[in-house]
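Only one chain is shown below, in structure tokens, and it's the form predicted alone.
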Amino acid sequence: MSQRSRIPTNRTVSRRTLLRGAAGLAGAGTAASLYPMPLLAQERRLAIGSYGGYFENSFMEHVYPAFTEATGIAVDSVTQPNSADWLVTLQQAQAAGSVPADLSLFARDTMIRASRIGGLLAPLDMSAIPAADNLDPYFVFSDGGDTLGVGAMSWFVSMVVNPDAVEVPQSWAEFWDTERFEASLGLSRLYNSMFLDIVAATFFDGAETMGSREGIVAVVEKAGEIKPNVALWYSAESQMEQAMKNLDVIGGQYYHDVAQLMAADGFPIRSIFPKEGNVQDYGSWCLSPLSEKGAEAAEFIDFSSQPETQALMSRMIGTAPLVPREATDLTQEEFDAVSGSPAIRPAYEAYLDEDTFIKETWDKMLAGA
């Protein structure tokens, strides 16, 4: 699946550049926390990996200091690239007997891949992570009876429209209406950008349909029917952002949180949760099998799973909480800025099992008349 980055604060620079800009430094090692630690904290340390740039800096400024204050455990922040590349780095490090990070942030598809390979993720002691009970069981990943990952935060790929140009749709299916949306939509051209999950949820049985090649073909063919209404098949998120600003498109798929920021800046864009929902992706904390910091890692995951911390991340980083709003002190306005319902869950296993087939089928559809 495509790897999500986080929100920029400078709208003139692409979000992915800001948040992943430091990813090239991943091989440079560990960056110390920005805050001086008390003597007690020096005795217990934890190396935590996360995507670089704004995302990592926000953790270093807001989350890690709060964790250290609560537990006395110092945090060394490690810049990691996207989940797939980081998994390769960890495999190589493990073969060499080193531990670049005790905890890493992995997307669900990467966790599934790692669990299938075996030996790359250490089981978590869930008795030491009681706050994980706050999360929907979907965000607690287990394999073979072992829990290998606990959800950290999430984000949504959303329906967006220009409310000044078109009546707000109630269903994704309305985007297939040529009378309303001919040559006016912006969609990602990447086969794993979750548009297929939207199609599957809208017209079929969701992820279940993506579980067979016949189902994949049917979903891609239905996606192809929207082509007359697409003005922009974008390969970079900044292209969609600019197209909405320039009024070149009046709707499409985009990140919910960034659309909210654009709207707050006065641009004519509205993020909508239609009746089928928007696609929810998420990242999880996973422990290196060579780490000797299992106890400290459990304390951090427990801290991260607490409603107060989930609310802190929503406010300061822009991530969607993995706990109900009612469990936090987020206002409805704060919650709506980063989250919503219902949620479409991607067909992660299908993208892993049939990656090449899905890509070839999608590319053939795009290239066709």
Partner chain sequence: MSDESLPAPRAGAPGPGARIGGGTLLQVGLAVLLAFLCLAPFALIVAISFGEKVQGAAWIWSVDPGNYARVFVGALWPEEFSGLYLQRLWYSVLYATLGAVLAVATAFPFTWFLTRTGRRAQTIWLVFLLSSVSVSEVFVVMGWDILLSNRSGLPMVARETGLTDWLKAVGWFDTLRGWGLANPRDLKFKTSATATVLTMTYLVWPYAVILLYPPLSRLDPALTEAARTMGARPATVIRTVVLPVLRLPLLGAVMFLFVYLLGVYVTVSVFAAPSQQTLAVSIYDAVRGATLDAPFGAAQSVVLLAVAALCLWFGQRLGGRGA
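Rigid core here is just the name for the largest C-alpha set that superposes within 1.5 Å across the two forms. Quick caveat: nothing in here was measured; it's all calculated off a predicted structure. Residue numbers count along the first chain shown, from 1.
As for the form predicted in complex with the partner chain, it is not shown, yet the points below apply to it.
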query	finding
Segment assignment from 282-290, 128-136, 188-196, 146-154: heavy atom within 4.5 Å of the partner chain in the predicted bound form	188-196
In the predicted bound form, Ser142 touching the partner chain (heavy atom, 4.5 Å)	no
Non-hydrogen atom contact Arg113 with the partner chain in the predicted bound form at 4.5 angstroms	yes
In the predicted bound form, Ala183 touching the partner chain (heavy atom, 4.5 Å)	yes
Contact label in the predicted bound form: Arg213 to the partner chain, heavy atom within 4.5 Å	yes
Triple contact flag Leu87, Ser235 and Asp355 to the partner chain in the predicted bound form, non-hydrogen atom at 4.5 angstroms	yes
The unique member of Ala295, Leu247, Val168, Ala96 whose heavy atoms fall within 4.5 Å of the partner chain in the predicted bound form	Leu247
Core-aligned C-alpha movement of Arg113 between the shown form and the other one reaching 2 Å	no
Gly294 C-alpha moves between the shown form and the other one by 2 Å or more, core aligned	no
